[in-house]
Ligand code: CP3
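Given as structure tokens, the chain that follows is alone and in the form predicted alone.
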């Protein structure tokens, strides 16, 4: 592995010339160049399944916006899709599964483990293409959804505001929910391992719907499965940094319940950076956490970047948004964010 990647060094807590920066959803709809490639692909899933086009959009924010790391262009739901669920993206409504999980029989019919992970060849082919074309000093982040976040879609059949079907299962049939989470966890372990073998430099595990679980249940139904994945990967690939990003769990952080063998904790915009530093800063590098809507204003962006820098002091930190960049953000504002992060944190 190349040792001149500032992002990888920062993930491992090493001294860097400035604090590196990237953005969640940086390969996305705010970029006209992305929209052109997506139009050529015909639809979102086609774009995920086309290594040449997925590679192209992965590299766009590195070349246009100037971020320090590329994140693989894909979608978290390719995992349940290749486990045998019927995924479609409905315009204006988002992802849908026509066959949500309601019983143990539904779980048993899913393809599991290495067999399911082996079907995601288009993802691994995309990684290989990106590695051929990505500058040597830029890192490539691979990713997965956390088992809980994946399970919410698999049980609800689509995105949800209340997660009542999933949470009904949590309280009335926890054994079935744990069986689903365990099956997804096994697939994700192999999926991330195959991403590493294909060439990614860093792993990020997204728990986008972490806030749907009450804090007292979060460890049982989400965090422990994320940690199981991290343990598996660290046991085989100790040099690959792992980033955990559970969105919306300040109460979990405040109670000091965060533990596990990983390197970077992603802080969402609803969690004060000072709280995260106080509770976690000695154990983990912290990533984040600007409110994404600040990108609508260059002044608001600079104000927040300077405030985060004041808290973190350029140590054990990676700049990022506290969630994904929104589709109508001007490209020049995204560029401004990246340049400001690099300006305020540059040493010497």
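Numbering follows the first chain given and starts at 1. Bear in mind that the values here come from a model prediction, so they are computed numbers and not experimental data.
The discussion below concerns the form predicted together with the named molecule, not included here.
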query: Proximity of residue 181 to the named molecule in the predicted bound form, heavy atoms at 4.5 Å; finding: no
query: Residue 27: touches the named molecule in the predicted bound form, heavy atom cutoff 4.5 angstroms; finding: yes
query: Distance check, residue 81 to the named molecule in the predicted bound form, heavy atom within 4.5 Å; finding: no
query: Interface membership of residue 186, the named molecule in the predicted bound form, 4.5 Å heavy atom rule; finding: no
query: Listed range touching the named molecule, judged in the predicted bound form by heavy atoms within 4.5 Å, from 274-282, 117-125, 236-244, 207-215; finding: 207-215
query: Partner-contacting position among 166, 264, 77, 253 - heavy atom within 4.5 Å of the named molecule in the predicted bound form; finding: 77
query: Partner-contacting position among 38, 315, 298, 49 - heavy atom within 4.5 Å of the named molecule in the predicted bound form; finding: 38
query: Sequence-ordered list of residues in 66-100 near the named molecule in the predicted bound form, where near means a heavy atom within 4.5 Å; finding: 71, 72, 73, 74, 75, 76, 77, 89, 94, 95
